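In the form predicted alone, a lone chain appears below as structure tokens.
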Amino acid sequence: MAEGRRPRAATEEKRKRILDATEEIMLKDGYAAVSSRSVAAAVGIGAPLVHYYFPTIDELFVAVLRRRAGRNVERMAEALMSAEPLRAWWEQASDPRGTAMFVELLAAANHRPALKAEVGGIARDVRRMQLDALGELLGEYGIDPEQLPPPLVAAAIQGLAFSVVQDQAAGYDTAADEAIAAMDRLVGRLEARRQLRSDRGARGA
């Protein structure tokens, strides 16, 4: 039985190394630097072996997206169920490495229909998860959903994180650090308000 499992384990390990190498190339040199040759060189294998596991570069990009999206969806679900949902959400959204990878995948998707479709589907599902959670959470934070509806709050958090991290990575002088600090303070105040409202509710009960 052990002999029968070895090829599968070796295959999964080789796929993981190829995906890891692809991510590193994208983060260092951009998605356009990804090719069977560049990935093969990073892994230390022949280019034909990259095509054995991923017949096209599109399939390689989609695999990178699905692997990273799977992790991010799990982390988002955990964040929204955590003791401080907005803080956990903001920290995840503003993670430099994750956002930088998303920027590259979005750029690649502009030229690759298969990848664009995958990105669109994942973005839709994650946003639905966020909106469902915000439907309950906004009241806990004392936020009027009529003035600040869930779609606006979700877009503001994700959009700000995307913008400031992208500007930081590019070295643009856009006061990104100040924006992040201000958002950190805002989230802190909101979490404190939510805790206070919860404590008052518990005492009232």
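For clarity, every value in this text was computed on a predicted model and none was experimentally measured. Numbering starts at 1 and runs along the sequence shown.
There is another form of the same protein, the form predicted in complex with the DNA; it is not shown, and what comes next is about it.
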property: Arg200 within 4.5 Å of the DNA in the predicted complex, heavy atoms; result: no
property: In the predicted complex, Ala179 touching the DNA (heavy atom, 4.5 Å); result: no
property: Contact test in the predicted complex: Lys14 vs the DNA, heavy atoms, 4.5 Å; result: yes
property: Tyr141, heavy atom within 4.5 angstroms of the DNA in the predicted complex; result: no
property: Non-hydrogen atom within 4.5 angstroms of the DNA in the predicted complex for each of Arg8, Gly46 and His51; result: yes
property: Single option in Leu137, Val62, Val153, Val34 placed near the DNA in the predicted complex, where near means a heavy atom within 4.5 Å; result: Val34
property: Region of this chain that lies against the DNA in the predicted complex, out of 66 to 74, 144 to 152, 51 to 59, 161 to 169 [heavy atom, 4.5 Å]; result: 51 to 59
